[in-house]
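This document opens with one chain alone, in structure tokens, the form predicted alone.
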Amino acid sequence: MSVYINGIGNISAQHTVDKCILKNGIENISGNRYHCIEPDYSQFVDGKQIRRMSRVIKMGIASSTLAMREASLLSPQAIIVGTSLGCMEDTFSFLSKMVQYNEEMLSPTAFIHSTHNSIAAQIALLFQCQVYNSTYVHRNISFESALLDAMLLLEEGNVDNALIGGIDEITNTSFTIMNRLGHFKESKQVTPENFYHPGKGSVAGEGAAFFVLATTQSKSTYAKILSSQTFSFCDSQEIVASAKLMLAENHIDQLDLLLQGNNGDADDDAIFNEIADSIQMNERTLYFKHLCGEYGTASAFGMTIAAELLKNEITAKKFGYALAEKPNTILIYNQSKGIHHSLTLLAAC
């Protein structure tokens, strides 16, 4: 059974909210931290409610609303979210107040909002959905876990559509801590042009990408998801074997495009390059993290890129890719530190 992407809502470091990236091309970003280009949230939520919401929840509500609007869906039959770090802003707010007030006279609001499932819960409240609601926190395969859950629900016939998303934010505190641990590049002169120059560390990113998945096509359909798999603590040979088996099971003799999550870190990119070389896709491999930065659910942003490339012929040039022709099949491969890996196969409709 095929699963179709019928709507996308994407808030990122690019002009993806209003799809201006399709008209004007990519945003030239510099520095070792990429901030999201956020919309006017009053278009999505009442002003009184906005003041009580943290930034990541507003991003989640806005991107999920955009996906629902594009799919012409009033209410989803399932809401599934993947997040690596959850609501960081509220978490740090609660912890700092614990120290400030010596663990006395604390307001529980920040703690309540800091839980990882707050995003999915707020979306359900907004759409008044008393349906299946789940959040996955599986490091950098959190989004793929949400995707697999949705695909199983659709395949079993429990639902006809599902709203899924991958979302993470970067705060000043989390950036400082992770930067001290060597996760990010020291240079503030990083640009999309030199993003993949070998070195230690990547560029901090953030984003919210939501999708409406369904068992039937519509006028807004982008692409169909053929398969998705996750792996942990395995070697490159197992990844390559699984990729080849995935293509064979879907009767794909020649993959058109491999979209990888290379992040500019020499150690991580060595693993990505080994996979591309092993499945003989070096000349047909593109990357996406120079557009959004590195974060736990960046693969959700990657899937928006893949869906756009499969739907629209002009998209490749606008994203800075020089493709000879429009691809019909795209395999997305992402991993982090050689621990958790994911493969997602998409095809044009």
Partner chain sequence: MSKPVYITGLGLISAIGNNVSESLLAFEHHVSGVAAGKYLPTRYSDKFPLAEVKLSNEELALKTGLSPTLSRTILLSYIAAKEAISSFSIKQLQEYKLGFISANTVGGMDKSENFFIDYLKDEHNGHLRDIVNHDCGKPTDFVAKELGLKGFITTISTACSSSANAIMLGSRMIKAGKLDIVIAGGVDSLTRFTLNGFNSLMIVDDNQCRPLDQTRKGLNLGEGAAYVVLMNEKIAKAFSAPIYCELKGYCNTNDSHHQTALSDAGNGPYLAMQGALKMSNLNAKDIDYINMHGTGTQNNDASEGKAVERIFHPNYPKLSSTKSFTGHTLGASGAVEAVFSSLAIKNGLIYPNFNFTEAIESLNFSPEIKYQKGLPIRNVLSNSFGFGGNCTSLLFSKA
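Please read these numbers as outputs of a predicted model, since none were measured by experiment. Numbering follows the first chain given and starts at 1.
Below, we turn to the form predicted in complex with its partner chain, even though it does not appear here.
Of the candidate stretches 193 to 201, 246 to 254, 149 to 157, 259 to 267, only 149 to 157 has residues whose heavy atoms lie within 4.5 Å of its partner chain in the predicted bound form. Its partner chain in the predicted bound form is not approached by N161, whose heavy atoms all lie more than 4.5 angstroms from it. Although the partner is absent here, L74 sits far enough away that none of its heavy atoms falls within 4.5 Å of its partner chain in the predicted bound form. Residue contact with its partner chain in the predicted bound form: N133 places a heavy atom within 4.5 Å of it.
Contact annotation for K219: none of its heavy atoms lies within 4.5 Å of its partner chain in the predicted bound form. Residues T115, H116, N117, S118, A121, Q122, A124, L125, Q128, C129, Q130, V131, Y132, N133, S134, T135, Y136, V137 of 115 to 137 are found to place at least one heavy atom within 4.5 Å of its partner chain in the predicted bound form.
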